[in-house]
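Single chain ahead, by itself, as structure tokens, in the form predicted on its own.
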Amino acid sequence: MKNFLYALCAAVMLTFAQTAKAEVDAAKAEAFVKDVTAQGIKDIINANISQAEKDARFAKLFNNALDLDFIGQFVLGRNWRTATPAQRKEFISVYRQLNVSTWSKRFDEFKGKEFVFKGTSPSNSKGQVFVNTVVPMDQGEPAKVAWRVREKNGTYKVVDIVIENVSLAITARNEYTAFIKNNPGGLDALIANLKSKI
């Protein structure tokens, strides 16, 4: 009986391990990020096109590659739960516009650079994995850039970018939480503030 229980436990643990391992296909997540970065470098950074066309291409790539609805909920934290449906919709819209505008202007900083892939790392979050890259710099050590990728129903999306161990999503979450806490206008004031930055 004891041997049977041991065998049963081992079988359950093996099944769980296989399920956990199969939760996110790390190779597909890495291939997804490789495709996104290659497309960005070829079709945007190094393309001989107008800035307006670059902005348009970047907006399309950014919206396709990132799950901004998921990220928007994360960066609002507990404030998302107390927000009205109208506030949630407006925040996501403004947050999306702000990020596209901000990163479109900064994307040219990667001109002449390339992402060197360094494998993947597991994430504590279900359905997510880190894709690790480094970017050789003109001076000093290469910059470390980790892409947190989320898989849902076979689709891969970036949900955070960690640059030199600094999470952009967590940084935004801390900033927005502090703003709402210290501002009588709460979430509406935050939305107005973000609009002013676009």
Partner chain sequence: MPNFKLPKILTVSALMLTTACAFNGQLQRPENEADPYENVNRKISSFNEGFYENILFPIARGYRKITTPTIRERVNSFIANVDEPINAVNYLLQLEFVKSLKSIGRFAVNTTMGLGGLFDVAPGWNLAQDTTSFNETLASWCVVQGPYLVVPFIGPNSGRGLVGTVVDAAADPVYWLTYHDANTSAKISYPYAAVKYTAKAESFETLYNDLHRNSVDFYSTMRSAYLQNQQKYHCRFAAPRTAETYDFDFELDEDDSFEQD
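All values derive from a computational prediction rather than experimental measurement. Positions refer to the first chain, counted from 1.
Keep in mind that the form predicted in complex with its partner chain is missing from the display, and what follows is about it.
Shown here without its partner, the chain carries 70, 80 and 148, all of which come within 4.5 Å of its partner chain in the model of the complex through at least one heavy atom. Looking at residue 123, you'd find a heavy atom of it within 4.5 angstroms of its partner chain in the model of the complex.
Looking at residue 39, you'd find every heavy atom of it more than 4.5 angstroms from its partner chain in the model of the complex.
Though the partner is left out of this view, residue 109 does reach within 4.5 Å of its partner chain in the model of the complex, counting heavy atoms only. Its partner chain is not shown here, but in the model of the complex it comes within 4.5 Å of a heavy atom of residue 170. Only one of 162, 135, 45, 61 comes within 4.5 Å of its partner chain in the model of the complex through a heavy atom, and that residue is 162. Contacts between 181 to 198 and its partner chain, taken as any heavy atom within 4.5 Å in the model of the complex, involve 182, 190, 193, 194, 197.
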